[in-house]
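Take a look at this one chain, the form predicted alone, written out in structure tokens.
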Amino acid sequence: MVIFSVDVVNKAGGLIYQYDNYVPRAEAEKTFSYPLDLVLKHHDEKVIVSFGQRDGIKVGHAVLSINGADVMGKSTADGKDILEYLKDPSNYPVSIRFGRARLSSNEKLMLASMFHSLFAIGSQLSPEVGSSGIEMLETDVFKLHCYQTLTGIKFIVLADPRQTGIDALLRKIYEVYSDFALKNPFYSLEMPIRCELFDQNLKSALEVAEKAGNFGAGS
């Protein structure tokens, strides 16, 4: 079992903590001859596959490196536009590594704000007064679990769908937050959490959850 990430969102919808515990490495590298038999396009400062799937390369995958050199957004390591570079027959054969596009800090902030809005919408759609909002979203490859405190802080965990004990883990993370963030005299409420003890105890809680499935009475 695996826990992918932990996010903490303040009551205004701002991302104040983000930790990637496990990032799957779904990457594929292949050497191509001219012409390239995949269709690529610019998207959000990246170059992604828009048509054509083969050898583990999928639509939506981004170009990560060309001839072993990591790309920089839409440009090669030496500053050339990737699409223009790949139109030139003299640059072939060329080795291209594809993989899932990595989220930037700004994208993570935006997604946290979007979930905050969805959480509020979920509460408003409830036929009963006093709904807790969204507590879980499920896909075929992960589950998103959310616990909101009485003060509006949201603790969000992304985990393998088969991972058990997430409710106990969310309460444990809240306990770690209370003990090592709120009690830190240098921490300001609603602000990003930068505390080494919080980091250490959060990682320990995740290790226990992954190994045991949940928390015992003494944890």
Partner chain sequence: MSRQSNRATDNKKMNSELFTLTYGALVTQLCKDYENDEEVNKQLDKMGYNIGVRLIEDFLARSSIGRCQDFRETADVIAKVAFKMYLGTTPSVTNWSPAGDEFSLILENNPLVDFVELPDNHSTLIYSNLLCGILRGALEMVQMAVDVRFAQDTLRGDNVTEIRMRFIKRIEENLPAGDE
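The shown structure was predicted, so the numbers you read here are calculated from the model rather than taken from an experiment. Residue numbers count along the first chain shown, from 1.
One more form of this protein, predicted in complex with its partner chain, exists but is not displayed; see below.
Student: Where does its partner chain sit in the model of the complex: which of 55 to 63, 27 to 35, 157 to 165, 186 to 194, heavy atoms within 4.5 Å?
Tutor: Among the candidates, contact is made by 186 to 194.
Student: Considering S104, S123, S75, S113, which brings a non-hydrogen atom within 4.5 Å of its partner chain in the model of the complex?
Tutor: Here the answer is residue option S123.
Student: Is the gap between K203 and its partner chain in the model of the complex 4.5 Å or less for some heavy atom pair?
Tutor: So K203 does not count as contacting its partner chain.
Student: If you check in the model of the complex, is S131 within 4.5 Å of its partner chain, heavy atoms only?
Tutor: Answer yes; at least one heavy atom of S131 falls within 4.5 Å of its partner chain in the model of the complex.
Student: In the model of the complex, does F119 have a heavy atom within 4.5 Å of its partner chain?
Tutor: It does: once its partner chain is placed as it appears in the model of the complex, F119 has a heavy atom within 4.5 Å of it.
Student: So in the model of the complex, does A69 come within 4.5 Å of its partner chain, heavy atom to heavy atom?
Tutor: Contact with its partner chain, no.
Student: What are the residues of 72 to 103, in order along the chain, with a heavy atom within 4.5 Å of its partner chain in the model of the complex?
Tutor: The stretch does not touch the partner at all.
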